[in-house]
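A lone chain, given as structure tokens: the form predicted on its own.
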């Protein structure tokens, strides 16, 4: 399917989750907002897919539609071969334990009236399975907390990092196949971010998880992701293995994101970003390529014809008429990985 709009999709049998031509729109007083426009992407079992883009690009809307927290306007969501968009409410409910979500703000996603033990046990209790205290404490320990210290605490008595660990434990309690991590570290200090990222990577291996990791910072997803998809104004710009994307960014928007990552070196010269202007309105997106109004490479062709996503290197895809495969300079500064 080289050259087609779905050229980046792999064999359907290889994917745990696969979305095809997904569209999400919603009406407002000002007009119809085009949150996600004809997006296709997949994630294999045991893989971590990073979903990156600036605020307002539609990545969280896409993530919620992928897990059916928001019903798509059109398109298909296939999970383990089942089309979630065609399931009844009861059928979708029964599948929910296998699809869990970790939200951006841990404090607001946890019930402030419940203790940590009750929050973690609640998911199983909904299904009529009351876990033993030992099982709950084992899950608290698995996310790096001491059950004796935090077990009877409530969210308001804990830090943001502790609350996020509780949210992770709550998701793991149902033994899911896939977890959507919707900007789970954006509200945390950098040192705590590193701890949570390392925890998620360890749990992915220990529990055989598949992760979709949403962030607006490429440095955050660089090490945790096997594959990264870059979004702009509801569309996919680029899809590539993590290392390849950072070494050979093919789309000018991806290059701009990499240039925008701060480097912890006072000797490094700050190079101004080449993109200009503000993000266009999702109510009235530009014709052709949606990035053209800010792109330094834009021509009349970009306004007349929307670029299809195509392979520019093995396993590396970009939606740009002028996609380049030139690597970044060998001495170019790169973002330090978020680790501890």
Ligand SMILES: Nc1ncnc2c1ncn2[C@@H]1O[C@H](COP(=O)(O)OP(=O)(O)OP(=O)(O)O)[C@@H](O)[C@H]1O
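Since we're looking at a predicted model, the values are computed, not measured. Numbering follows the first chain given and starts at 1.
We do not show the form predicted in complex with the named molecule, though everything after this point is about it.
This chain lacks the partner; the member of 67, 40, 60, 37 within 4.5 angstroms of the named molecule in the predicted complex by a non-hydrogen atom is 60. At the 4.5 Å threshold, heavy atoms of residue 56 reach the named molecule in the predicted complex. Not displayed here, the named molecule is approached by residue 183 to within 4.5 Å at the level of heavy atoms in the predicted complex. The closest non-hydrogen atom of residue 246 lies beyond 4.5 Å of the named molecule in the predicted complex. Within 4.5 Å of some heavy atom of the named molecule in the predicted complex lies at least one heavy atom of residue 282.
Contacts between 21-42 and the named molecule, taken as any heavy atom within 4.5 Å in the predicted complex, involve 26, 28, 33, 35.
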